[in-house]
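In the structure tokens that follow, a single protein chain appears in two forms: structure 1, then structure 2.
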Structure 1
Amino acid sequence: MSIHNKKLFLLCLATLAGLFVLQFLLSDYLVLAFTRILILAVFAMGYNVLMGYTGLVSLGHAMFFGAGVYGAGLSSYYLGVSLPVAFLAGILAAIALSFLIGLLALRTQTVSFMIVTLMFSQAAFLLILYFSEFTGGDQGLTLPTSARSFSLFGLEVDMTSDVARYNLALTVFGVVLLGLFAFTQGPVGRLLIAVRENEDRTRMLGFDTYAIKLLAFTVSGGISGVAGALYGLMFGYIGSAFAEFKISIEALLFTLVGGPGTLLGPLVGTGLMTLLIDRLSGLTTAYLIVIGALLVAVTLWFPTGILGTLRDRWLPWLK
């Protein structure tokens, strides 16, 4: 396989190497913070496939993150399957759900699409609350201690160890990043961008834009599910807060700040925003005000985000 965008590929590898070294430099607290950032960055990267590359703004991705959390968490909690199996169950749940929702939601356009995804996501959130005897509702469920470690191919991983968690998150992040590099920089990625730039023209050229969008939607939802499943299993807790509207908005914000339609933008956005929110929530309970102010500020003055601005001004290969 030939690699088209060598500069970007090297930047991805350098980023992964940098993130690996980071764990030896940072304090324990920051390693934990970066573990969360890596998982949420996977979520934002999944969101970015749809929003940044395909140009479809969803307000319901908490539903797919939640599908990952609950698919993995419930199968571990009730069926007692091993962690890798639960992880796969979470991803499959998210893929199946996003395929189904995509099938329906993609019949609508722009604003209607945003509202439809929001409404489905809200219905999913309410269903979690309605079946709280089974799901734990807003109290949530804590996974049993037996579900805190696993062995895979002779490798023992203990999920209560900070080092193990960081490296596991980094591994998943790396796999998703390289996978998305191949996906977005290859021929399919060009189709996504073609749909974003001019859907009618893409259809006229003979492409089935509905199928392309459905693929983007399913991939996007599936990756969100990867993040959700990892988050739920890694911290041993599932709860309805993972499927709240706020989670969808965070994915949107992380992507917007970092740069929609750039491969590393979601990581930059998630890192900056998570650290900022962490600091602020120590100072005030009303930290959501910052999310609000940033959403307004970004739409007003900074619509292409940090990496998007860099790309437009100086680094055209940063996609």
Structure 2
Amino acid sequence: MSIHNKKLFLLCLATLAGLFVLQFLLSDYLVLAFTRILILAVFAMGYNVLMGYTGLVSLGHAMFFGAGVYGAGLSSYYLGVSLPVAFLAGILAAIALSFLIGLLALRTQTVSFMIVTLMFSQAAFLLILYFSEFTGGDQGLTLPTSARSFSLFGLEVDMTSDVARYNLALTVFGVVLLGLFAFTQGPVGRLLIAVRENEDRTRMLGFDTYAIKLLAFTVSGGISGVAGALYGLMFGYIGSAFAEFKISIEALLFTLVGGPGTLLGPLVGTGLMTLLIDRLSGLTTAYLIVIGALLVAVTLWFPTGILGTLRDRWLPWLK
């Protein structure tokens, strides 16, 4: 099998190797922080499929992250299924929801698309609160300790262990990263970029642009659900905060900072922003002002994100 863009593939492998070694060098606190970063990077990578590669800006991806959280968490909490089954239930819930929402939302464009996705997301958030007796509402539900471990191929995995959580998050991140490499660097990825650059021309060439966008929307929502399901099960808590509007903005922010339309940009953006927020919030309550000023500086120096600017100026293979 020939690999297109071998430099990017080798960089992905080097990144995964570096992340594996990192757990032996960091303190327990930073290992936990990087576990969160890896999961949120998966979320941002899913968002990047839609925004970065297809050119569609959604303001409602929190509902797909929330679908993963609740699909997995409720399955485990009420049905008592094993964690791998609950994880799969969360992913399927997000895929089904994103496909249905995509069927409707993709009939709109640009600003209308943003508003429609935001409306669907807010409706999903309000439904979680309305059925609070079942979902736990804003108080949320805590998964029992007995549901925090599982056996896979004879290997016992304890989700309360920092090391186990980090390696599990890294495994899922690696699978999503390599899967998206194959998805975005192949013919399908080129079609997504064609829609982003000139949808009318792509349609004129005979391609069904609606089907292409629906595929991108469903893949994007499904990967967001992967992140949500993993987050809920890993930390043993599900709550309406995971479906709030700010979760959608965070995915947008992480992608913009790292570089939309670059495979590793979401990881860079998520890592940088998460560590900055964690550090600055411990120093001052006005940390959001500092974050805002830094974002302005990043935008001025890196107009297409950090990796996006590197790609545009020196490294064209970094896409």
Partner chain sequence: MDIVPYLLLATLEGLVQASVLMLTALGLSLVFGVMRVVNVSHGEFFMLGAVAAWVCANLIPGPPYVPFIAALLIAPVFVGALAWAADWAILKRINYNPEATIVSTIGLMYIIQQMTLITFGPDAQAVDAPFYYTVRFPWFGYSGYKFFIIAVAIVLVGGLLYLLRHSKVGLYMRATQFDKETAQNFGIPVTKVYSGVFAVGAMLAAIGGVLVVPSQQAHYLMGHDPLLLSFVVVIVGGLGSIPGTIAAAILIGMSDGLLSVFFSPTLAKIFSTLLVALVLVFRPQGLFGKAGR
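In this text, the rigid core denotes the largest set of C-alpha atoms whose superposition between the two forms falls within 1.5 Å. For numbering, take structure 1's sequence and count from 1. Here the structure is a predicted model, which is why all the values come from computation and not from measurement.
Matching each structure to its source, the form predicted in complex with the partner chain turns out to be structure 1. Shown in the overlay between the two structures, fitted on the rigid core, is a CA shift at residue 14 smaller than 2 Å. In this overlay on the rigid core, residue 310 has a C-alpha that sits less than 2 Å away from its partner position between the two structures.
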